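Take a look at this one chain, the form predicted on its own, written out in structure tokens.
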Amino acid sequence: MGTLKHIGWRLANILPVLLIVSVLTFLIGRLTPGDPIQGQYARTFTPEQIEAIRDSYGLNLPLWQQYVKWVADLFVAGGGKSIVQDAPVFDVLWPNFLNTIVLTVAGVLICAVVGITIGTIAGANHRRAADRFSMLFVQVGSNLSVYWFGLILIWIFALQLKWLPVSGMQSRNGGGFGDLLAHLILPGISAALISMLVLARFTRIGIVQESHSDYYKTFQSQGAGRFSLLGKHVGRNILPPVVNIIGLEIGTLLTGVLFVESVFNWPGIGTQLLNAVNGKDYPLIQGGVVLIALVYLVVNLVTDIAVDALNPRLKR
């Protein structure tokens, strides 16, 4: 019952957060200088026709009425109509958003596998050479820019070694699932860099703390091997915080992916939103930001539920 109440409370909190995000996104878009209708149609339409177009988008209404109209469009009109592409916002965003989800999932998998592996090696070899080398790698990697790191990966593995494709989501002639995986490796690693190093650090800390606990020393004195202890006891005890960190880092991955897309020319929502910003396409920008915020909130909710399920002591 406590868990159900907690889930209900978290669900209730999503609405005010989305409200704040929508208001801020709307105001920032409207208060920036420039007229998207003028920029899009000034060369081909008369001033009277441009005013008629502004009326059709509700841009001549008072600011509060524009906001109410946009919120209503989110539920009944596919997020409104894109000014630049003249199509429903969610119809425009959805294919690219799915591409972003594919890249984010790849980043999460790389983050989890590599981050936990590095952290486990470091924690299991506390104060040994493997620990020092792993933490040096984490320290250096944490100071790298995702954008710069992506360019370095392209230069080494795509241009010099020619092992992987430079950019895009698939080859021109297509290539199926294997081709998609080849295109995912470099942007996935680039997107996962910071998050996997954060996860490695927390995994190491968890293992070191557990290895100094009383139960660990008791089992060790009874002849239990280090790897057996790590697998049966330490891993189970640090799993909830590790899952929690992964859930929190998905938000970082999602925002990092938006920058990675521009480096690797990945056809995702980040590239689309960048083009929308350049064209001051208000409905597309607002719809994209709200969609990303919603995914972030849902991921946090699912993570919270998973942590509660893995650790009954955290049930509320």
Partner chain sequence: MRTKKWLGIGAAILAAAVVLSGCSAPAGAGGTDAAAAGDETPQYGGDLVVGLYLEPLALDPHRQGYWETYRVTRNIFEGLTREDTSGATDPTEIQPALATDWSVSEDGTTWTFDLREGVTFHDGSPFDAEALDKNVRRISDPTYEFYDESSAKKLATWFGTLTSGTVIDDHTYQFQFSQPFLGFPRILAQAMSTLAIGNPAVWEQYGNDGFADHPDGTGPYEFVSRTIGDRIELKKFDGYWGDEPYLDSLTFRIIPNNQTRLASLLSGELDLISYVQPEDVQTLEDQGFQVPEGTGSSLLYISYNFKNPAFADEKVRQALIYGLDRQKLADELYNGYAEPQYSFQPPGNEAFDPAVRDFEYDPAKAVELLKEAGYGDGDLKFTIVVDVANQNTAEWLQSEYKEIGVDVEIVSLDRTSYIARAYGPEEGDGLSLDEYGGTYAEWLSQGFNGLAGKGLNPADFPDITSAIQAAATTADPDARIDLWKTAEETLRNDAVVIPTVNLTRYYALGSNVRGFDWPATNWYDLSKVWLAN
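We call the rigid core whatever largest set of C-alpha positions still superposes within 1.5 Å between the two forms. Owing to the predicted nature of the structure, the values given are computational and were not obtained by experimental measurement. Residue numbers count along the first chain shown, from 1.
Same protein, other form: the form predicted in complex with its partner chain, not shown, and the subject of what follows.
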Its partner chain isn't shown here, but in the predicted complex, which of 64-72, 39-47, 23-31, 250-258 has heavy atoms within 4.5 Å of it? 39-47
Ser221, Ser228, Ser213, Asn143: which sits within 4.5 Å of its partner chain in the predicted complex by any heavy atom? Asn143
Consider the chain as shown here, without its partner, and state which of Ile118, Ile246, Ile238, Ile154 has a heavy atom within 4.5 Å of its partner chain in the predicted complex. Ile154
Is Val113 close to its partner chain in the predicted complex, meaning a heavy atom pair under 4.5 Å apart or at it? no
Non-hydrogen atom contact Gly176 with its partner chain in the predicted complex at 4.5 angstroms: no
Touches its partner chain in the predicted complex: Gly188 (any heavy atom, 4.5 Å): no
Looking in the predicted complex, any heavy atom of Asn265 within 4.5 Å of its partner chain? yes
Taking only heavy atoms into account, state which residues of 249-283 are within 4.5 Å of its partner chain in the predicted complex, ordered by sequence. Ser262, Val263, Phe264, Asn265, Pro267, Thr271, Gln272, Asn275, Val277, Asn278, Gly279, Lys280
Core-superposed C-alpha of Gln40 shifting 2 Å or more between the shown form and the other one: yes
By the 2 angstroms cut-off, has the C-alpha of Gly58 moved between the shown form and the other one once the rigid core is superposed? yes
